[in-house]
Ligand code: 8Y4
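Here you get one chain, nothing else, as structure tokens; it is the form predicted on its own.
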């Protein structure tokens, strides 16, 4: 079950870790920590050593209430880091963007995956993704980051997320992206209440059954803090985040997006052993 990322392949028969590399000043957990290319590259090296198979580079925060940035600002943040990682490190580079220009330029800089929280719905994004020929991750989000947590309503969140993802799959395949180049992300925390998030986690196998590798991202999110201590710092949520990663993997997720790569990788080794996959 190898998934092809340009000239690289990843075994998605076992759960893998995607390390988060935000090159932003305002991300909810690590904003401003890695916004210089040299610091970002050192952090990338550290995450690879801890077990990350993919690094997800993001130049625009999509936290609730986030302010959009200009195309040039996003390019200036993302491209130097993508180039540095792609030319010096043996890892799959993902770019977390919805911007069609950033999609094209990141592909030229050496990126291997387009990870779009808007599922390529922004004008020109789908065309840019088709033209660059990279695999894509399609995520469900209700609304836009600035307002997505303003009382989101669903009749059945799992069914509605599933239906949305399948419709987007049909659209991107019709545009020219092959089925074997598509990942799906149910979008924990993106336009969903606490109850919606845990309903989705409880029935994640329904998303996994859609026939595409599933990527999940619960690391350090509010849904973790809300059941523990709402005042805890993002870093204090890592233990519970690793537990959530285990649940995701046991319910079929193939890629888990994480801030704390080491703890997540170690937790996923337990999943692999439990499922009889062997230790890697």
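Quick caveat, the model's predicted, so the values are computed rather than measured. Positions refer to the first chain, counted from 1.
We do not show the form predicted in complex with the ligand, though everything after this point is about it.
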Q. The ligand isn't shown here, but in the model of the complex, which of 109-117, 206-214, 172-180, 80-88 has heavy atoms within 4.5 Å of it?
A. 109-117
Q. 129, 200, 93, 139: which sits within 4.5 Å of the ligand in the model of the complex by any heavy atom?
A. 139
Q | Any non-hydrogen atom of residue 221 within 4.5 angstroms of the ligand in the model of the complex | A | yes
**Q.** Exercise: residue 62 in contact with the ligand in the model of the complex, heavy atom 4.5 Å
**A.** yes
Q: Spell out, yes or no, whether the shortest heavy atom distance between residue 238 and the ligand in the model of the complex is within 4.5 Å.
A: no
Q.
If you apply a 4.5 angstroms heavy atom cut-off, which residues in 178-214 are near the ligand in the model of the complex?
A. 185, 188, 190
